[in-house]
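Just one chain follows, in the form predicted on its own, and it is written as structure tokens.
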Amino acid sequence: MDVVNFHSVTKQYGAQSALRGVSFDVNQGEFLVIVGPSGCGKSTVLRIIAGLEHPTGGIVQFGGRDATALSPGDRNVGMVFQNYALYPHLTVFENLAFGLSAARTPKSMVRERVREVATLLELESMLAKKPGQLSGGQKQRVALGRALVRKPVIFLMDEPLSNLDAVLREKMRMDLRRLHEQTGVATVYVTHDQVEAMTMADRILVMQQGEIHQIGTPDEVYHEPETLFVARFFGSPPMNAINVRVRHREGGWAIVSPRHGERATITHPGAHATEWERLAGESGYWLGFRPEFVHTGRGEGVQFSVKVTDVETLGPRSHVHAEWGADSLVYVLEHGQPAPERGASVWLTAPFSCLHWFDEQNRRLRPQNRIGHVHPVQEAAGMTNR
């Protein structure tokens, strides 16, 4: 049975819509990451699950039962906040035990449960310390332990790693996944960080402006984005996206920019000629391709003649920024590949297999693989998944 169900949930703050008909499920034992830019509604979803906010419309279910109006205390959720929210005057033991003690749990049971959680989170040697004596990572583990000690039906985590430095964030990501696998408690994790989403999630829920753009596995979200927003939100550097039209030219096909008139040649269309013909009848669309799949030189696919504007050297790879007319493009060079000079003119090829097509409303054109498609397990350079 699903742990939580949202059915067409809306949330209004006066004239402002924070959520617009949001529907999704949280499965038993799942690690669901909600991701999106600031103000997209992800924290509102978390607060509604916790009972800290009530929806304006729609239904929230816990275990198949209507919990829309249920109080926070009756939901048995464990919530971990961005700022830890520890009591500075209490020891680690007392912080961990606080919820159980407030619920008048027998002292022997409190001690047993706190010791159990402290062992799981490697906090045994810190139980007598106060929060002011702990590092950021240790405080975060105490905050997790305080939620875990109550044996919640679901964990809710609101950007819990945002206050940590980069090295500690990476360690805590692994610790959180290990903790999840050990406990099996369903988890809803809110972040704006695409790396956290890609490396931690079983499924990712992508939001923008109070709406869900896509729910899927990390592979699906990265390789089969449902909207142009999703396509460009994931990836570093983000997906190249240009507004184009397809035109027949000299017995072949070309891509033309309606903004600046530049053309890109389509070479060896082969079996896809029928699809190019159909695309040519459309008014226009967005063509997307990821920087790590672009080839330098002229090859089979869509060829662009570009001017290099900048080169970022990032250790094992370089990001080359270029202009195709008035459109900015980026491509990736791996270590050992020579980087062009700024101002140089170069040819780039986006292979058919890496092309993504979106209509003028920014929705993915179907079928996605009509002119090639990168399979989720192929060519995943530059992106790390669990």
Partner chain sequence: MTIAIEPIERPRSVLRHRLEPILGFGLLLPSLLVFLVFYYAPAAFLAYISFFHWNIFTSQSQFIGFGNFLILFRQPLFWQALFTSLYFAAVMVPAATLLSLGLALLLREGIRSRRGGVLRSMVFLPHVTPVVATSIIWIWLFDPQFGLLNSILGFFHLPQPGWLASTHWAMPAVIIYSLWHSLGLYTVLFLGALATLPRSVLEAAQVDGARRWYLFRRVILPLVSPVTFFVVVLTTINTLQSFSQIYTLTGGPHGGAGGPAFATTTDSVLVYQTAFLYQHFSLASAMSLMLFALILGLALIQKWVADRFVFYR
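Fair warning: this is a prediction, and the values are worked out from it, not measured in the lab. The term rigid core refers to the most C-alpha atoms you can superpose between the two forms while keeping them within 1.5 Å. Positions refer to the first chain, counted from 1.
Keep in mind the form predicted together with its partner chain is missing from the figure; the text below concerns it.
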Heavy atoms within 4.5 Å of its partner chain in the predicted bound form: which of the stretches 293-301, 164-172, 113-121, 92-100 has them?
92-100
Of these, I242, V185, V230, L86, which has a heavy atom no more than 4.5 Å from its partner chain in the predicted bound form?
L86
Partner-free chain; cross-checking its partner chain in the predicted bound form, the single residue of P316, G73, P106, P258 with a heavy atom within 4.5 Å is G73
Thinking of L52, V77 and R146 as one candidate spot, does its partner chain come within 4.5 Å of a heavy atom in every one of them in the predicted bound form?
yes
Could you tell me if R150 has a non-hydrogen atom within 4.5 Å of its partner chain in the predicted bound form?
yes
Fitting the rigid core first, would the Cα of R232 be found 2 Å or more away between this form and the one not shown?
no
Tell me whether L314 is among the residues that move between this form and the one not shown (Cα shift of 2 angstroms or more, core superposed).
no
Using the core for the fit, does the CA position of K129 change by 2 Å or more between this form and the one not shown?
yes
